[in-house]
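Take a look at this single chain in structure tokens; it is the form predicted on its own.
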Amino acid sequence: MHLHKFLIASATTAAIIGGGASMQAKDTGSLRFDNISSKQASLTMPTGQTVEYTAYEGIFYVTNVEDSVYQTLNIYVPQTLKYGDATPIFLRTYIGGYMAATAKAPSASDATGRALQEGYVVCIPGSRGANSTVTRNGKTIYTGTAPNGLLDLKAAIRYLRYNDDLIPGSAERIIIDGTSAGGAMSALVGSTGDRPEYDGYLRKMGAAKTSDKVFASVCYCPITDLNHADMEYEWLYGCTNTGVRHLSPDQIAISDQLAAECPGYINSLGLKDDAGNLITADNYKDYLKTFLIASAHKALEEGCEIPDTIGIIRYVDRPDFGGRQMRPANGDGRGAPSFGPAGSRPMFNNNSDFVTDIDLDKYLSYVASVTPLKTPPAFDQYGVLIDTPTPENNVFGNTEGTPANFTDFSLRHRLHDDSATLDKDMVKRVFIMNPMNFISPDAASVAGHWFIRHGAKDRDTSFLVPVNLATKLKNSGFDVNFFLPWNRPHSGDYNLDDLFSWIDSIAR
């Protein structure tokens, strides 16, 4: 089934060996894919189906390997490719908490096994992170400081593209999937393809000299927009500070200061709803409610019971409905968003129970009561009220393992200096670790297709983070499938039927 690519590969190899390209062979020969070193394996799915595949493992994707534990990738090829040579490559990153991740084998319990079952090629790269280290001359060196984890994913994508003539499937159709910090990396990869800001880093690593753009990004609960995430968290959840959150006076003071910075950021984004209305800090919460209402509508249609005590406001058993199909109306703010399932206003068959509004403060208190909220600052907390660093402080730290602040707000509080600002190197690192900086209507670097999910009771970051990401992408003309699944906590690779139905729709 891979004869076509084998013939191309043979011709390419002959050209390199035959002459006129000795420098190219010397520079990049070690990055050529070895399609002989493989093993046969199988995976038993929850359905009982056995999926047979060919495994290529332990492949280095850069020539200047700094950390051999993590800078490898694995490739898994099912017996039959769903779309032949045009079959997408499903690239799954297991990054979590901005920590390092090894190249893993496919799992029957997540999207990697399902991708193989569906007939897609699967690639699982390793990558460095905040906890990855090597020893040099008896000294421990931290190898995964930002942006190294992102660079590793880019280098892995370049490897796939550089070997597109040898690796089954199509490297022009890479779909990256990640959760939490991995979701943030998926958003970064999807928004920064071929951006010159990363070229110097990638050259130094010995990455292949080719494109690192992807076809689509799957982002579950992305922990991103880090330099604004603290203010977004406090602006949204400040209503819980003296209630379920039980903050101390000092914590409330920090929360209030951060929240005060958020309206200016919201207004600076220039986001618009589907009707073309400008979204500002004054109407943002109404806009957010449209997504939560759409989620609740879908849950009701599927038979879920939603208690009124969590802030849901609805009409129940109105006699004038007469059992007719009714569209939710009145009270869904600025109109249900049109992208993805959130745009489908459910029709209720013989069910007169529908959501008309949400008491957002009460609903947020419910979310906070399910899983305790983070204390302020949620992400850049190092040295503000406590000395304990967050994973984000660690990933922005240095090679000696010392954590660092990545916002002026927290730096000033740690140093007790109102004039302190981040140095130029940190400003650059923070900039290139935020996908919001690279999304615009004319951005050729951005993936064309996006699948973004954030649970409706996920409090690991503010709802503003995924909503802003999805809205900016849609405003910029990209294909976005976005939803806040009802009662879903911080998690990923769920409802795989929906995910792979979407993948199939863009792959066709």
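Note that residue numbering follows the sequence shown and begins at 1. These numbers were taken from a predicted model, which means no experiment stands behind them.
Heads up, the form predicted in complex with a small molecule isn't pictured, but that's what we're talking about next.
- When the small molecule is considered in the predicted bound form, Asp152 lies well away from it, no heavy atom lying within 4.5 Å.
- At least one heavy atom of Asp460 is located within 4.5 Å of the small molecule in the predicted bound form.
- The shortest heavy atom separation between Tyr98 and the small molecule in the predicted bound form is within 4.5 Å.
- Using a 4.5 angstroms limit between non-hydrogen atoms, Arg195 is distant from the small molecule in the predicted bound form.
- Residues with any non-hydrogen atom within 4.5 angstroms of the small molecule in the predicted bound form fall in just one of 272-280, 205-213, 176-184, 128-136: 176-184.
- Not one of His228, Glu234 and Tyr265 comes within 4.5 Å of the small molecule in the predicted bound form, counting any heavy atom.
- Proximity to the small molecule in the predicted bound form, defined as a heavy atom within 4.5 Å, singles out one entry of Tyr159, Phe379, Tyr76, Phe406, which is Phe379.
- Between the options Leu258, Ile223, Leu116, Val384, the residue in contact with the small molecule in the predicted bound form by a heavy atom within 4.5 angstroms is Ile223.
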